[in-house]
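In structure tokens, one chain follows: the form predicted on its own.
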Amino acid sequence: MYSDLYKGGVFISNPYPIDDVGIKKTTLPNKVILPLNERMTEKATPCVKVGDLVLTGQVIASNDDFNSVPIHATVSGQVTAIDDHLIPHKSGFKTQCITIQSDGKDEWVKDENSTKDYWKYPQSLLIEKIHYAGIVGMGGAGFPTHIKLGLSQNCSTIIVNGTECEPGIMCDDALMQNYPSQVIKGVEILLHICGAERAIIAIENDKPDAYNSLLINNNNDRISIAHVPTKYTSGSEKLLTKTILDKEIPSGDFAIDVGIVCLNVATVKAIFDIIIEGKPLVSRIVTVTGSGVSKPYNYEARLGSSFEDIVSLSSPNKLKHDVRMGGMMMGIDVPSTDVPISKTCNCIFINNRVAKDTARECIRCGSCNQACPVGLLPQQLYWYSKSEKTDKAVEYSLFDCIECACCSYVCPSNIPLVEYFSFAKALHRNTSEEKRKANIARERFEYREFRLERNKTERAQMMEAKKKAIKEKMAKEKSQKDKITKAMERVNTNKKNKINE
């Protein structure tokens, strides 16, 4: 048991508890819609065309950018479209997607490079296989896992995040209960890849069944399983590191910068699937919950399935709903259930639509300051963000804000503080980029002016030197002529003298 070493945060009970934290595998979808880029990766280029037949697990899009991950077919069937489609993203924009019509056979591409004896292989080869599998952070961030592991050579500790601190989400709890041996084996693979001394699996103390399942299946002395307080937001990388290791991660740095690799437990299971089973990332566990469904549950669904495919399994009521992907605190609102499930979709909230509370003026109560888990001053950040004084907000560590929304949750005036901070971050980035471009343009203009002035000066100097050279030449020639004239005069004088004699 670890003590609560960080201040702030809030205690939020699960508003939609269920007794059976199980997993139901959904039937194959009739079609899947697969975006060509995840939240934090570069856009992939299709390597199939409309009409092509594909197998489950086959790479259908990729590029040479190391920051990108390949996209795999999640069903076997025929490519029917490569066009723009709405995806669950806070921008609300459409992005290019590949649509595959399922043939119902689910025929898999063959994996001819088995790495079951992973300890016999170099870390670089296993990291490349994880890259090939298209694995990203499945807790919601979506950061490419192969990049994080590629930076882990000086790693001392691996932290596996099974806290699932946002209330309502149950997918990681279900995963640990149903696949405990695979999770432990995945951690052992990570120990080999990172060369770490130890690994700690962190689980909130309201998940005793998951804790016991992992404990029973763990026979490795280098792996420990830790209970952490059930407090939002204990699952944040910096706060989890503080809670587990009592170690501060400096502002602007990440856990990997101080020798710690932090991965979500679902990401660890995906690593097991590719290294031991040879299966790339084609499905994930998704929680469907909220006030608008009568049967909250977890479903293992193929990536690219529509939200509607699995929401319908939880018996939604007939009222109007608000749809939200991710947690009730840090998730994003989605316009409808006609969007595809992505690698970062851990939960879908279906809530009965209700009128939102009206925001009122800040009463300076200071509740937000007390709730902030990373020790910021949300009240001060609010004033600077609202007035668009982003430089001042940055001075108050705006970019250390993890957008957990604890401040918004406790605000008695219902001010959506985190929305102001998110806006201020985007505005500052845009302003900084505009300044950078303006500076580049100014430097180019100044250099052009300098170059023109330099050329003008050089031409003037060249002309002056040329004139001087001509004058010197003319003077030299004149001097030579004068010498010749004088010599001729002397010759003539001598001749006259001789004649007179």
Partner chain sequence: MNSGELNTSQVMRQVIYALGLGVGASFYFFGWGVLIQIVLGIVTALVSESVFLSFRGLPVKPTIADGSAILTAILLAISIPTMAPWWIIVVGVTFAIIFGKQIYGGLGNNPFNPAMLGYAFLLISYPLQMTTWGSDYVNIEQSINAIFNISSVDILTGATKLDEVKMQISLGTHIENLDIYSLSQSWINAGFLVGGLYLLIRKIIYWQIPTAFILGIFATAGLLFLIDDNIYLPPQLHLMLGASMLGAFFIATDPVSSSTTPKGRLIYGFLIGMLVVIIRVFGGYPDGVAFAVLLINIAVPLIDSYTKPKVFGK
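For clarity, every value in this text was computed on a predicted model and none was experimentally measured. Positions refer to the first chain, counted from 1.
What follows is about the form predicted in complex with the partner chain, which we do not show.
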Tell me the stretch among 205-213, 366-374, 421-429, 301-309 that has any heavy atom within 4.5 angstroms of the partner chain in the model of the complex. 366-374
Can you confirm whether N63, Q123 and I147, the three residues that make up this candidate site, all sit within 4.5 Å of the partner chain in the model of the complex, judged by heavy atoms? no
Selected contact from I159, V339, M325, I249, since only one has a non-hydrogen atom within 4.5 angstroms of the partner chain in the model of the complex: I249
Can you work out which of S224, S397, N352, N217 has a heavy atom no more than 4.5 Å from the partner chain in the model of the complex? S397
Look up in the model of the complex whether H321 has a non-hydrogen atom within 4.5 angstroms of the partner chain, and give yes or no. no
Proximity of W383 to the partner chain in the model of the complex, heavy atoms at 4.5 Å: yes
Classify Q182 as contacting or not contacting the partner chain in the model of the complex by the rule of any non-hydrogen atom within 4.5 angstroms, answering yes or no. no
So in the model of the complex, does D84 come within 4.5 Å of the partner chain, heavy atom to heavy atom? no
Between 136-151 and the partner chain in the model of the complex, list the residues on our side with a heavy atom within 4.5 Å. none
